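Presented below, as structure tokens, is a lone chain in the form predicted alone.
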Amino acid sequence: MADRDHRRTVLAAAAVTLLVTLSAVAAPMASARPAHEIPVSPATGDLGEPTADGWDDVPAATVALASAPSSVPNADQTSVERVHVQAARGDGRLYLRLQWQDATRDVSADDPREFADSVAVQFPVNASSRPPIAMGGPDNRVNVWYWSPPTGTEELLAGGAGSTTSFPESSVNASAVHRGSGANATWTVVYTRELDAAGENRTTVPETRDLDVAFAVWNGSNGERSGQKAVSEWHYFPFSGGPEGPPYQALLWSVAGVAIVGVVAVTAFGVHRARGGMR
């Protein structure tokens, strides 16, 4: 009888231990990435085109967008709520792929009442500090990679609203495609730039430091232009692999899981001994 109780106790402890361990492991797997982190994968092959096969292996982060604070008319009436971002690094280049839903392909701004779809990526010039989100500041400027169908790709420098200037020669390339129809139609834009692109006031892509990044999207058919745009908060590429990254978090959860298992095992052993002592 004592042996049967012992086996039941051991089996119960094993079952509880298994459930607790699975819970401890599953939780970090579901939310291992910090909220504002955009993962960067090794680039496999040429990712310079939006439809390149290699993008299938690059994880995407969904970045929330909201109307940018602005005094321009209808500034709070933007229509794009999120953009999916993929990033890869390899062969001396950084690749960014942005994809968002847009039912209409607005590529012309020839008429004063026409506005083209556009997208932009913003980086600090000085990657060691975070500038004001709205186009940087006089002492902490930003680089902007801007793409729109009528103008193509532009590389910009800004130190606050109304201070935007263009680089004489852009170091950024972009390729775009609009596919699908209706509610399923999307824009996909790929930016590429050499990691060590030289130039004064040009963002240096760090090798061992995280890099802040922000995004903006304009929907031309909704009359969006200039300060009427959907923008993100600051996010970052985890080039440092530091304490905010998944390895550190996964390690903490692993330690917590082992500790929980230990507590359950000791408790089960104590219960078993208590029952033995009562007989």
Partner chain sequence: MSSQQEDGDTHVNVADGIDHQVAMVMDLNKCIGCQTCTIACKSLWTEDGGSEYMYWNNVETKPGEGYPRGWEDSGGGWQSEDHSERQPGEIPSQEDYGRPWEFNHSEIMYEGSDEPLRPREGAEWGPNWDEDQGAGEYPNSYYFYLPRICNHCTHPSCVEACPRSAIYKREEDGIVLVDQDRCRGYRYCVEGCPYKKVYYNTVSKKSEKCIFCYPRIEGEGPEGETFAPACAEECPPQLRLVGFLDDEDGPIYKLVEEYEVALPLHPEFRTQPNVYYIPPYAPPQHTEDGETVDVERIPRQYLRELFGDRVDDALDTIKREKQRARQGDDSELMELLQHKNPAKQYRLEVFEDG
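Numbering follows the first chain given and starts at 1. Note that the structure is a prediction, hence the values are computed from the model and not measured.
Unshown form predicted in complex with the partner chain; subsequent notes refer to it.
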Only one of 70 to 78, 121 to 129, 196 to 204, 183 to 191 gets a heavy atom within 4.5 Å of the partner chain in the predicted complex; which is it? 70 to 78
Looking in the predicted complex, any heavy atom of T164 within 4.5 Å of the partner chain? yes
Since only the chain is shown here, I'm wondering whether Y95 would be in contact with the partner chain in the predicted complex (any heavy atom pair within 4.5 Å). no
Check whether W145 has any heavy atom within 4.5 Å of a heavy atom of the partner chain in the predicted complex, and answer yes or no. no
Can you work out whether D110 and the partner chain are in contact in the predicted complex, taking contact to mean some heavy atom pair no more than 4.5 Å apart? yes
Sequence-ordered list of residues in 119 to 133 near the partner chain in the predicted complex, where near means a heavy atom within 4.5 Å: none
